[in-house]
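One chain comes next, on its own, written out as structure tokens in the form predicted on its own.
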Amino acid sequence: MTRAYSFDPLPEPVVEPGEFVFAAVGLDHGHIHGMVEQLVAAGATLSLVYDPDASKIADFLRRFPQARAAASEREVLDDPTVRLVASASIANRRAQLGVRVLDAGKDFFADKPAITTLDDLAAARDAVARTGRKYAVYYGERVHSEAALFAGQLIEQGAIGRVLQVASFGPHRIGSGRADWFYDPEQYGGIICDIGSHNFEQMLHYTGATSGEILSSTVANYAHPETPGLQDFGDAHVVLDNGATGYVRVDWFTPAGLDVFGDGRTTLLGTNGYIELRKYTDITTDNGGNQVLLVNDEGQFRFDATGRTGYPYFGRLIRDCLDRTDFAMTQEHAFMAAELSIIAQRQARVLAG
């Protein structure tokens, strides 16, 4: 390669033990485990956990025995040592919990979709303005993906010029043992609001846009008549405020022959090249995931991002909570990704199955 790219050093813990204490409330989605693991890896101290379901608490404590089960949500909110509450509760309950957390003087870290309605989004924005606390969102398909982070570093160094379009695909596998709320669009928010929120966040991040307009969106239940509330397909087309565009397709059609939950891919088109992310697998090869393919005026290049970036978002979030800064992700960026996904979901044309 003609140009020499430089990459950020791997992140290290940003606080000493006991300096940043957090708790977990709401364990309905398994993402809570990744959220907690990465906060702990960044130096945070896990203290309390609460969920109405004792079996979920027991499973959580097997993974994180350093935590103590709280008797109630109120016990967590009243604990003056807890600085942040992480949650992966049922999706349409996250915003109300977040407002309670902020009103208790703590910062909030929600799994996506962190918000499922425009009314809840307005309430969350009001709570942030009223309290000065943070309502952070776990957009894991970027902040917890080394391929996505590596691509961001390439873009920052001008590898493909100005980013013109982000085309992002998020296939998933349904599997078995899903809770009832997973099949209720009022509770999970709909497929574009749920899975697609990841992709809208990436569109904003990679293009540098601050807002956008949804031009079209569709949803369908093509192949699961036994669960009519499930949307197994969704897509959307957006024009961003800086003239870039985005496209997202999400679905529940990962075939049994794939060895991961979904072949998530993103293509970033720039004025001087393009990048393809093969996040979770590189089919028919032994390469594994975290593959970053770059084509620009200097040639064609493949990077394995595994072990190259780590996950700096979590340490930055901890420091942001302590220092009242916005290095991990700005509040409006997190809310705008949610807003676009909610609007795309609300406006979606429902296709016949």
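Sequential numbering from 1, following the sequence displayed. Quick caveat: nothing in here was measured; it's all calculated off a predicted structure.
Quick note: we don't show the form predicted together with another copy of the chain, though the next part is all about it.
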message: Going by heavy atom distances of 4.5 angstroms or less, which of 97, 174, 269, 121 would be at the interface with another copy of the chain in the model of the complex?
response: 269
- prompt: Though another copy of the chain is not shown, can you say which of 55, 325, 285, 66 has a heavy atom within 4.5 Å of it in the model of the complex?
  reply: 285
- request: State yes or no: in the model of the complex, is some non-hydrogen atom of residue 134 no more than 4.5 angstroms from a non-hydrogen atom of another copy of the chain?
  value: no
message: Can you tell me if residue 258 lies within 4.5 angstroms of another copy of the chain in the model of the complex, counting non-hydrogen atoms only?
response: yes
field: 4.5 Å heavy atom contact, residue 233 and another copy of the chain in the model of the complex
entry: yes
query: Would residue 4 count as a contact of another copy of the chain in the model of the complex, using a 4.5 angstroms cut-off between non-hydrogen atoms?
result: no
query: Looking at 144-152, 211-219, 121-129, 102-110, which one sits within 4.5 Å of another copy of the chain in the model of the complex if you count heavy atoms only?
result: 211-219
task: Decide if the three candidate residues 251, 263 and 299 all line another copy of the chain in the model of the complex, where lining means a heavy atom within 4.5 Å.
output: yes
- request: Taking another copy of the chain as it sits in the model of the complex, which residues of 331-353 have a non-hydrogen atom within 4.5 Å of it? Please list them.
  value: 349, 351, 352, 353
